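One chain comes next, on its own, written as structure tokens: the form predicted on its own.
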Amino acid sequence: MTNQYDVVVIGSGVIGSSIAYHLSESKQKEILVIDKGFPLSGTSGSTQAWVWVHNKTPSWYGELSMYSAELYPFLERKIGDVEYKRTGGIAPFFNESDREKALRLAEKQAEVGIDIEVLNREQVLEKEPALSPTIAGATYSKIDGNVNPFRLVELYIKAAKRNGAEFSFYNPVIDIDKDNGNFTITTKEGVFYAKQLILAGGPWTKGLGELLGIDIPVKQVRGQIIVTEPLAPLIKHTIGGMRQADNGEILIGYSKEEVGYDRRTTLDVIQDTAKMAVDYLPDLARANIVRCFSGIRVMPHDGFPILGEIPEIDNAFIAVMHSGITLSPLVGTLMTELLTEGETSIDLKRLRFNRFNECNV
């Protein structure tokens, strides 16, 4: 391993590893990815891993998610089987008064090409007989699905390595300086130099920004997830809040809490999650819970990705967002375009860092 690179990516989660892989395809850059831990020890390894599109709003955000979901089949052909399943997604509602809201969602999403059906109770139960008969209806779209996050990140990294990218794990970044056009990245294991720098540290990106003297407007959000014992096939679709894995386990999670970097699970949230799950799928009342876990997600202050150049620091870039699993194929593609061609095939204006005027350098 040398200490001089064209690009250093900080963070090897699903976003950092996707950027490294897509950038490595061009064979134009010497790339190093630095991570304070090991891949999947953080957010990317503690998620339900939906590839979720249909009710992401406003519609431009849904459109971005749709583009990314459409890339998954092509991604698998290049890096291998990431166990991507386009199951279709169902978002139930329990009150008939929500039908008008669902119809408006379908109308707006249709403007950007997202096909949504608004189903009545009988139509929903025909698709998912295990859902509660107390539901009033649901929105449904074929575009939603899920993926195995462990396979996804592992194969991103393996493919990037085959293309020459290097990785340095268990290596926290201690300091970042910029001098004579180069970034100097001081880590626990040594000093590295880079012409271009990408911050992709997920929940830790705010701390990385402080090393550059900038305030990155993100917060940490905890999501708690419960996992059932393996069950006979019960649900076929990805349903708002839950999915069934290949081994029969059902992963369930609805919670969002701002508690800092606290990965403990708590009885009150687990009980609430279990109750909601039974409200959706009454058969789960007889299922045993075999484990619970939590993940710390990153959430930009306005909820939307921060992607592109960091203002007033030449050749510094940021890629931080919620829904990283859904967006990673598209983000890797766009960041590669930006670093190699200086422009992107999709306008990133809405996602630029400097939309947070009060947080500029």
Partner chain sequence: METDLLIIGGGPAGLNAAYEAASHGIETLVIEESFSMGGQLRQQTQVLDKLPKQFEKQRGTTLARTLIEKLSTLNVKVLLKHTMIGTYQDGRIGVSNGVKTIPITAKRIIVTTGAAEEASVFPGWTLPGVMTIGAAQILMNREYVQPGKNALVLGSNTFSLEIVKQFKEMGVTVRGIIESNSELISKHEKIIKSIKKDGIPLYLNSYIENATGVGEVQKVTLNHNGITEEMNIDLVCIGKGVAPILEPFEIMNCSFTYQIRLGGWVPQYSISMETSSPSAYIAGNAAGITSMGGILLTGQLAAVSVAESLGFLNEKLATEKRASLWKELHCIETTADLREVFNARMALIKDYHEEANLLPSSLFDLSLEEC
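Positions refer to the first chain, counted from 1. Computed from a prediction, not measured in an experiment: that's the story for all the values here.
There is also a form predicted together with its partner chain; it is not shown, and the following applies to it.
- Put simply, residue 222 is close to its partner chain in the predicted bound form: some heavy atom of it is within 4.5 Å.
- Using a 4.5 angstroms threshold between heavy atoms, residue 97 stays clear of its partner chain in the predicted bound form.
- Interface membership of residue 268, defined by any non-hydrogen atom within 4.5 Å of its partner chain in the predicted bound form, is confirmed.
- Contact annotation for residue 158: none of its heavy atoms lies within 4.5 Å of its partner chain in the predicted bound form.
- Residue 257 is the only one of 257, 283, 166, 279 with a heavy atom lying within 4.5 Å of its partner chain in the predicted bound form.
- Between its partner chain and the residues 188, 275, 162, 264, the one pair within 4.5 Å by heavy atoms in the predicted bound form involves 264.
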